[in-house]
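Listed next as structure tokens is one chain, alone, in the form predicted alone.
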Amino acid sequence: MNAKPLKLLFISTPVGSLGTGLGGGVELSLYNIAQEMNRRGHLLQIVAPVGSTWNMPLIQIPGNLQIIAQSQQRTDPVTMPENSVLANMWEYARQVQNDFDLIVNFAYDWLPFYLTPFFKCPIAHLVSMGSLLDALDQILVQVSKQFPGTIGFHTHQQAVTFPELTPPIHYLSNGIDLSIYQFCAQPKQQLGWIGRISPEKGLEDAFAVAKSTGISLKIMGKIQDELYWQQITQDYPNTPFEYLGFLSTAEMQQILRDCQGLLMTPRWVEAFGNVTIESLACGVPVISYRRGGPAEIIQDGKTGFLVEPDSVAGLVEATQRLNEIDRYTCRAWAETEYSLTALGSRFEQWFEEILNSKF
């Protein structure tokens, strides 16, 4: 790694202010990467929608939020609202680009990829989801061809959902501040579920498990689709659950660490699944569908169980085997693979490779 500190401009997701939870896992990824880059002495500025609450060097940009990609159809045209915060953030980046060595894009959106050739400052794109939109797929392939190595993914399972990418392809995984997550050796009889409450997260399957087993389900996360949430609670009456809302990491891990296990029920390909490593850091085994990022993180039979996708019966069976998992093994796996130090080293190497490339 170059001894000279890098001047980095991070451009956040345009779907919500940082600290609101609207950005889902992108918020946690951005926060942890930024925290580690600061610790390593790099100079960092974060561009984010107005109303962001983080205690970091933020430039807050006004404008209307972008529609989340999950709510769109594959063939929908590219759209931006009037006075788009996404466009405004990238206009700011254009104006200040000469002050930075590298721009890092965290937005899962067409515009930053399209703008890449028009910038003098190199741009690293961290892709936060699997393939969802045809227009984004096409522009992503173009950028990977014109600027090889500038596109990063969390997992291989995520990357293979995109067609015809030009190598090198960088798999950057993720990491967390392990000191925040407290280990618990003796859990209570309860299961956890954490995430944005929207259809692609499959929360109804966790309800089905709670109803079938009688084990209380602790639900944490932002309700993104109110009608979806209401439908689930109507469809599963007399289910033992408690909805705790969108919690801070400190509050969330206090509930999570007491759980026998965490349920992950994605209907789609999760790019990574930050809650997987948060759970393991507390010593809590994870039961997940064998789909997307969690399938690469969980060691089946050692740190949790991987279940046939969409099989509620498989989830139920796995809950009955949770006592087979050594919770100390879960924590040790998180410490080995998913520390902030490991995360920072992966990202520094990626940034250096981009800066040393000749496009």
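Source: prediction; values computed, not measured. For clarity, a rigid core is taken as the largest C-alpha set superposing within 1.5 Å between two forms. Residues carry their position along the shown sequence, with the first being 1.
One more form of this protein exists, namely the form predicted in complex with a small molecule; it is left out here, but the text below deals with it.
Here the chain stands by itself, but in the model of the complex one stretch of 301 to 309, 287 to 295, 59 to 67, 326 to 334, 59 to 67, has heavy atoms within 4.5 Å of the small molecule.
At the 4.5 Å threshold, heavy atoms of Gly25 reach the small molecule in the model of the complex.
Among heavy atoms of Val15, some come within 4.5 Å of the small molecule in the model of the complex. Contact check for Ser173: no non-hydrogen atom falls within 4.5 Å of the small molecule in the model of the complex.
Contact annotation for Ser128: at least one heavy atom lies within 4.5 Å of the small molecule in the model of the complex.
Though the small molecule is absent from this view, in the model of the complex it lies within 4.5 Å of a heavy atom of just one residue from Leu262, Cys282, Ala107, Ile103, which is Ala107. Shown in the overlay between this form and the one not shown, fitted on the rigid core, is a CA shift at His170 smaller than 2 Å. The rigid-core alignment places the CA of Gln224 2 Å or more apart between this form and the one not shown.
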